[in-house]
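Listed next as structure tokens is one chain, alone, in the form predicted alone.
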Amino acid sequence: MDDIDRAIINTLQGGFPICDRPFDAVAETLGLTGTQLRTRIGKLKADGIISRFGPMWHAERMGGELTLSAMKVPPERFDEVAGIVNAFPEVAHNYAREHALNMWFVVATEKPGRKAEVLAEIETMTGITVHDMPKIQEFYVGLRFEA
């Protein structure tokens, strides 16, 4: 990763313009063209430097549901289960933790009731209990990672 890629990652964590040509607007601040910016974002994703590039929607304010979920996955099945969980478009932020509940992920759905369906489908497909930990109170942390 070079200095331009670091600048892209650091810049895009702070927001994305809402305008007719948002990539061109961001690219100009980085000394790039919109095409160069999109190409570099695609390469960062293809190289596994970033796992996702896209908006973060507030599912509940849009009429959907959101929850944090955890599973106790046998180590020898971790990659297999991660593949099943990650195949759901409603799943984001899937990560490993050093804990008895070693797989944690966020489920965000467009419609009420879909969250329960997704968790049940994951349980059926993996044979592993999914612990649903819905949000009780929201806090804004403003987490950023310096590249």
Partner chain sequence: MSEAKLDPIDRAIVVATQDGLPLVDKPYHDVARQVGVSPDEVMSRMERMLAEGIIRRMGVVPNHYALGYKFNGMTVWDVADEDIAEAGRRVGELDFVSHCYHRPRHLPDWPYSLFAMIHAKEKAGADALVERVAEVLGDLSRGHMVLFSSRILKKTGLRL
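Note that the rigid core is defined as the largest set of C-alphas that superpose within 1.5 Å between two forms. Just so we're clear, the structure is a prediction, and the values are computed from it rather than from any experiment. Numbering follows the first chain given and starts at 1.
Separately, the form predicted together with its partner chain exists; it is not shown, and the next lines address it.
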Checklist line | Interface membership of Pro17, its partner chain in the predicted bound form, 4.5 Å heavy atom rule | finding: yes
Note to self: Against its partner chain in the predicted bound form, would Thr29 count as a contact residue? Criterion: heavy atoms within 4.5 Å.
What the structure shows: no
Item checked: Contact label in the predicted bound form: Pro134 to its partner chain, heavy atom within 4.5 Å -> yes
Note to self: My question is simply whether Met62 lines the interface with its partner chain in the predicted bound form - judged by any non-hydrogen atom within 4.5 Å.
What the structure shows: yes
Note to self: Just to make sure I understand: among 43 to 65, which residues lie within 4.5 Å of its partner chain in the predicted bound form, judging by heavy atoms?
What the structure shows: Lys45, Gly48, Ile49, Ile50, Ser51, Arg52, Phe53, Gly54, Pro55, Met56, Trp57, His58, Ala59, Glu60, Arg61, Met62, Gly63
Check: With both forms fit on the core, has Leu37 moved 2 Å or more by CA between this form and the one not shown?
Finding: yes
Next item on the list: Align on the rigid core first; then say whether the Cα of Thr129 has moved by at least 2 Å between this form and the one not shown.
Entry: no
Notebook entry, point to check: With the core lined up, does the C-alpha of Val118 move 2 Å or more between this form and the one not shown?
Noted result: no
